[in-house]
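Heads up, the chain below is alone and in the form predicted alone; it's given as structure tokens.
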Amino acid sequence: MILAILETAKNALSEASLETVTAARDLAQKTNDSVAALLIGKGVRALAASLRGVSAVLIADDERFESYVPEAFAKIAAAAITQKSPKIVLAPGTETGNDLMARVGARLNLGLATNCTEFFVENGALKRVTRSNWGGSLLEEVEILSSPIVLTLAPHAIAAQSANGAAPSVETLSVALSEKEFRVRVRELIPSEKKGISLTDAKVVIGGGRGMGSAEAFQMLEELAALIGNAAVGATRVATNNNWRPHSDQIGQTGAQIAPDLYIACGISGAIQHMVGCKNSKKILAINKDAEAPIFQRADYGVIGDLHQIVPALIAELKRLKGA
């Protein structure tokens, strides 16, 4: 059995959790296993029926779990692993997921591979994984020798997909908790000061690279994003190192990992460090005056030309279509 330990956000399963369930189902098909899920939180019982393609859902539903309670959640997750004896435990590779599974690994004396991007199954058994390390600057292959195998999934490494099937069985997981387990808890989440749509949530991302030439040139990308709607502007490492954009806008191995419906890459050569960050984009449109730029090998659509002429032309056409 594969146990997926999931997270919730705003009374719903988080996107990272939906990706984790998808990865667990894919693994289960290759290892001929079933999938169970663990939900910890306030009001999570109502979410169990939505987990199709999962045979069972373990529930730890408590008023005190409105926010993340590290020691309590770790004790519950460790109890679920001990009771159900899964072969593989998989959780989202978010800040919370990595923190939780590190605590679980310490409790149960198990190895942990965080931020996994690929899984290698041989003869029906998971043999090794590829994980992102050192802020994404290193991809390493890891073999976990402890049992069960405990992993977290890098955000956007696998696209979330729905599944059909009957609603899962639901089982309440009862774990005795003392006040000691509640001495640390998340009291408040302070949102980023940056306004607008985040790179990881945007349906369209417009990225600027060395070819932009200046911080001022990014204004036309902001204008294009505003006209498209539900769009965000990002940048390559070169652009952020030149202070054309803040480092929070960086896309790549050492920046954000994005998965928009469309990624518009403007003046970006397509170095592997950047492409790792946008590889999960459904479609890539590249604009570059260098016809030999490596990004054209990865792009679905390509425009060879000067972005300083092409982007303003796109803006003018969108304004015309919108009657602006």
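Take the two forms, superpose them, and find the largest set of C-alpha atoms that agree within 1.5 Å; that set is the rigid core. These numbers were taken from a predicted model, which means no experiment stands behind them. Each residue number is its position in the shown sequence, starting from 1.
Absent from the display: the form predicted in complex with a small molecule. The rest refers to it.
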request  = Name the stretch, out of 252-260, 58-66, 36-44, 23-31, where some heavy atom lies within 4.5 Å of the small molecule in the predicted complex.
outcome  = 252-260
query = in the predicted complex, does residue 289 have a heavy atom within 4.5 Å of the small molecule?
reply = yes
request  = Would you please decide whether residue 209 lies within 4.5 angstroms of the small molecule in the predicted complex, comparing each non-hydrogen atom pair?
outcome  = yes
ask   = So in the predicted complex, does residue 268 come within 4.5 Å of the small molecule, heavy atom to heavy atom?
value = yes
ask   = Do residue 305 and the small molecule come within 4.5 Å of each other in the predicted complex, heavy atoms counted?
value = yes
remark   = None of 131, 245, 237, 103 but one has a heavy atom within 4.5 Å of the small molecule in the predicted complex; the exception is 237
task = Examine residue 311 after superposing the rigid core and state whether its CA is displaced by 2 Å or more between the shown form and the other one.
result = yes
ask   = On a core-based superposition, does residue 149 travel 2 Å or more at its Cα between the shown form and the other one?
value = no
key: Large Cα shift (2 Å or above) at residue 237 between the shown form and the other one, core-fitted   = yes
message = With a change of at least 3 Å, which way does the C-alpha separation between residue 119 and residue 294 go in the predicted complex: closer or farther?
response = farther
